[in-house]
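Given as structure tokens, the chain that follows is alone and in the form predicted alone.
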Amino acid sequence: MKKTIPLAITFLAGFYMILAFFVPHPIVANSAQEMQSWEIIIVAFTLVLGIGNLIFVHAEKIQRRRQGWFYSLTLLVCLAFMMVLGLFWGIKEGTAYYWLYDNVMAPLSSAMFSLLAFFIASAAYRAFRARNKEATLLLIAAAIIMIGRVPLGSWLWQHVPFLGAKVPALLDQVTQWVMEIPNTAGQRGIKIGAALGAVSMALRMLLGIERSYLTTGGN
């Protein structure tokens, strides 16, 4: 029963939403809309569960003095401080919460994402090495896009002997073609594959084949 009831709820709710998509009857449509409202409430509860789990995990780490426990303590103190500010003084513009978010959280997030640039450069260096035909094509396409998308690249192309003066728009045309044809085709292929994977996973969950969301080990 511990697993049967959640599987039955998942099956009935999932197939009812599929039915509502194909049956535009007012009764079915209104009940499906009501179920979507319940979904929003359940998602709000998951936020509370997530915060509770975060506090539990880091409190245990602090209690056992594990490596990096000071960072966990900092996290919990900042979490409690921001929650108190938001709950008692609001989160609108002009409040302390808004000021901290705008002057502390946003710059820290920008600093973290700026560090990603170095990892992206390292990954690009490894990916763009011309070790085979596919990597060579990727290297050529990336070089064309990087040169064609920056003002410095266009300026350099204008000064290329013979080609730059004879066909000044060639670099822009090749860049546009790469972005619209191969790049769009690749993106659509990835999106179609992701959509098919999502449909397959949804069917597995509705039919009870995929049960990993019930337990940590799927047993």
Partner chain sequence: MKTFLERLTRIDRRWIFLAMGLTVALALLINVKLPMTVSGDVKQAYDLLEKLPEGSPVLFSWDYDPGSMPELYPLSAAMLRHAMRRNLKVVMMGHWVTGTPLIEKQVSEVIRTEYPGKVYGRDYVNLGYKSGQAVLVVTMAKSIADAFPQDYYKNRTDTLELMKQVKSLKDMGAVVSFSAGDPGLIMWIQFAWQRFGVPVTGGCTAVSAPEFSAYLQSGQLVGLMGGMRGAAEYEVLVDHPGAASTGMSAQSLAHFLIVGFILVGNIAFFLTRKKEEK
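Numbering follows the first chain given and starts at 1. Quick caveat, the model's predicted, so the values are computed rather than measured. If you superpose the two forms and keep the largest set of C-alpha atoms that fall within 1.5 Å, you have the rigid core.
Below: the form predicted in complex with its partner chain, not depicted.
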| property | result |
| --- | --- |
| All of N53, F56 and Q67 within 4.5 Å of its partner chain in the predicted complex, heavy atom check | no |
| 4.5 angstroms heavy atom contact with its partner chain in the predicted complex for E134 | no |
| Its partner chain contact in the predicted complex: I27, any heavy atom under 4.5 Å | no |
| In the predicted complex, F21 touching its partner chain (heavy atom, 4.5 Å) | yes |
| Contact label in the predicted complex: L79 to its partner chain, heavy atom within 4.5 Å | no |
| Within 140 to 169, the residues that have a heavy atom no more than 4.5 Å from its partner chain in the predicted complex | A143, M146, I147, G148, R149, V150, P151, L152, G153, W155, L156 |
| S122: Cα shift of 2 Å or greater between this form and the one not shown (core-aligned) | yes |
